[in-house]
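Shown next as structure tokens: one chain only, the form predicted alone.
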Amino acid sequence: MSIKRSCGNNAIGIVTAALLSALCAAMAWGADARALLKESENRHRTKTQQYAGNLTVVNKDGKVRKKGWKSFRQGYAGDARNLIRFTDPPEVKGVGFLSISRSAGQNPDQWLYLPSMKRERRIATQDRDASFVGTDFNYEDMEEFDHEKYKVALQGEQTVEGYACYVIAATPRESGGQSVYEKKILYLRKDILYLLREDLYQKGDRQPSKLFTLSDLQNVDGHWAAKKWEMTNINKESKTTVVLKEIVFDKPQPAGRFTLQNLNREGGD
């Protein structure tokens, strides 16, 4: 009887230890994911960033459309303010976009300026999944990623384009504002903690609807920057590629740049 009781106790002990180990591992992985994203933000945070971008959209029929824009950012992630101004072709020249982050739990304020209307249009919450000026990016894609708005968990490691990456699942918090995505899978390059890819899942998706990849990483004045972005819309079989040039970090931005008054200046900065 004592032997049986001992074996039974050992079995219970082993099962309990296994469950505790799994629970501790899960808790540690979640904590590690948050720590990794915080460290990534700390490493790559800059006061400002600006660049010129050449944008190419290719639809499923092979039709190509090209656009150019200038982008300006002040702040980073959860406190970012962004202004984009299209420079060409003529039919989109002067179109402007302004995004201003709000406190946790709220979506950013976003406006689109159309020269033909001579005024800005506020982007409503229900329009966050709409195409951004005919590209494969939607308005939510134009936000700065803020990990504080997501529950995160480390799922393991994977090689992306020859680089070892941490794989992190990010699901929107209920308190983080409304999202068109049910889940994002992030691929964070291990050596420099730089984001190389996002798999984007909309509600009900078993496979990602869109893939966002960042490549051609270069060190610009001590800061890593991906000079090529690609947003692939798997459902629509289309792709938008943005090539960045003239990248500048930490250049002071003019007072009033990130305002509705400036957004409304047709052809402005």
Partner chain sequence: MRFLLRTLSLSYVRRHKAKTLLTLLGVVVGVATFSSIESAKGTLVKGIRSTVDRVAGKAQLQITMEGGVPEEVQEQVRSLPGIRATSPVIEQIVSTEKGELGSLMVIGIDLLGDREMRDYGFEGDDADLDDPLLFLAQPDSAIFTRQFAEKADLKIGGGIALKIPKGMKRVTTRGLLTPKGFSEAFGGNLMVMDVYAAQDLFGRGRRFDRLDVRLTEETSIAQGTATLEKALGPAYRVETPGKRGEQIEKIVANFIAGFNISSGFALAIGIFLIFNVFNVAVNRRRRDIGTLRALGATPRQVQLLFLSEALVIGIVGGLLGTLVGTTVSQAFLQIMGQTTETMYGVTSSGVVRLPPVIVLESMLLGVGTSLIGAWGPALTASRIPPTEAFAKGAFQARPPGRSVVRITAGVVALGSTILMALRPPFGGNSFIFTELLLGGVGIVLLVGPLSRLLLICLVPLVTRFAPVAGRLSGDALLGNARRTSGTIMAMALSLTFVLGLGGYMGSTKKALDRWMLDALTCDLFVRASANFNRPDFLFPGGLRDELLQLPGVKSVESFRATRPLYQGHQIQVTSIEISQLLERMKYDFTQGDKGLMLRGLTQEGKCVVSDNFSRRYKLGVGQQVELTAPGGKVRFTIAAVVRDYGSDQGTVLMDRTQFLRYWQDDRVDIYDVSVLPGANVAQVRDLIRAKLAGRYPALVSTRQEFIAEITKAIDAFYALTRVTLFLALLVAFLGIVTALLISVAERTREIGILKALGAFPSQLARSIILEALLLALVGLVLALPSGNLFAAFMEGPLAELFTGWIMPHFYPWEILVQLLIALPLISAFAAWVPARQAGRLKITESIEYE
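Residue numbers count along the first chain shown, from 1. What you see is a predicted model; the values in this text were computed from it and never measured.
Beyond the structure shown, there is the form predicted in complex with the partner chain, which is absent from this document and is the topic of what follows.
*Could you tell me which of 179 to 187, 83 to 91, 193 to 201, 151 to 159 sits within 4.5 Å of the partner chain in the predicted bound form, going by non-hydrogen atoms?*
Looking at the other structure, the answer is 83 to 91.
*Just one of 145, 72, 166, 139 has a heavy atom within 4.5 Å of the partner chain in the predicted bound form. Which one?*
When the partner chain is considered in the predicted bound form, the option within 4.5 Å is 139.
*Would you kindly say which of 170, 100, 77, 133 lies with a heavy atom within 4.5 Å of the partner chain in the predicted bound form?*
None of the other options qualify; the answer is 133.
*May I ask whether 95, 124 and 129 each come within 4.5 Å of the partner chain in the predicted bound form, counting any non-hydrogen atom?*
Checking in the predicted bound form: 95, 124 and 129 are all within 4.5 Å of the partner chain.
*Could you tell me if residue 116 has a non-hydrogen atom within 4.5 Å of the partner chain in the predicted bound form?*
So residue 116 counts as contacting the partner chain.
*asked:* So in the predicted bound form, is the partner chain close enough to residue 210 to count as touching (4.5 Å, heavy atoms)?
replied: No, residue 210 stays farther than 4.5 Å from the partner chain in the predicted bound form.
*Non-hydrogen atom contact residue 65 with the partner chain in the predicted bound form at 4.5 angstroms*: So residue 65 counts as contacting the partner chain.
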